[in-house]
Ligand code: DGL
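What follows is a single chain, given as structure tokens, in the form predicted on its own.
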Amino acid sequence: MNIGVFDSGFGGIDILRHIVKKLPQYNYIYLGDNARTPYGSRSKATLYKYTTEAVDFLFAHNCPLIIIACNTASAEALPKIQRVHLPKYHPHGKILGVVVPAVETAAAITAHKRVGVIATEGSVASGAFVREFRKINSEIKVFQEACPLLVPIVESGENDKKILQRALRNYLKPLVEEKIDTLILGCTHYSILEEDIRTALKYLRGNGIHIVNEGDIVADKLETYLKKHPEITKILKTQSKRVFYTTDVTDRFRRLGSIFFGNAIKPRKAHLS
């Protein structure tokens, strides 16, 4: 049995990299829906369809535990999947998202109760981050900024720092002006941009802002979850195997996926339906 990790593109591979570093003994299957990325501007119905197809694929590939390493899918599709799809089709399966761990961490470290979130249009529109903060501490003020250009920049593999910095400064300026003290990178693609984001914040005089990067957080939360659920760890294989699937096998996926993972990967073609 394997642990499944799903994302709309490359970003989740960075999440997987952090998980493997923390829990190297388990077998992992990664699925990237690169043929249909980005998810951020999709309708709720489309997001639900795509995400259910992805989890069905991973359950069929012997993954009793799945991590949806996509904030948009976690925000828009996961609640309904857990409420409707799992009980009907995979009653023994478990699915975890990335939004709640990020919110819990940010809520714990914000000193002035002013948190910023940069994310896709879909994640911002869903209101998922705001809802989760209200559950934890309704006094925390949440300021969101949709960043539609960032995922295409990352997915393209282009390295034009001037264009990237211009986009980042444009997106981050309103949040810095709101005097946030904590910033959630609310899309897994953004983790690879963390140093660029720090550079943009420094330019905007937001030096003291804490950055919440989901990679380390999700890995820590998964370790805690497995300790609390020995019935899952008992059935997981510990052969340290990593298998990568994508809905669009290309040289670019191999190249960028290898950069995100930190080692060369050999992706296989996935057919979702």
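Quick note: we count residues from 1 along the sequence shown, nothing fancier. What you are looking at is a predicted structure, and each value in this text was computed from that prediction instead of being measured.
Keep in mind the form predicted in complex with the named molecule is missing from the figure; the text below concerns it.
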According to a 4.5 angstroms non-hydrogen atom cut-off, is V151 in contact with the named molecule in the model of the complex?
yes
Is there a non-hydrogen atom of P38 within 4.5 angstroms of a non-hydrogen atom of the named molecule in the model of the complex?
yes
Looking at the partner-bound form in the model of the complex, is C187 within 4.5 Å of the named molecule by any heavy atom?
yes
Segment assignment from 7-15, 20-28, 261-269, 248-256: heavy atom within 4.5 Å of the named molecule in the model of the complex:
7-15
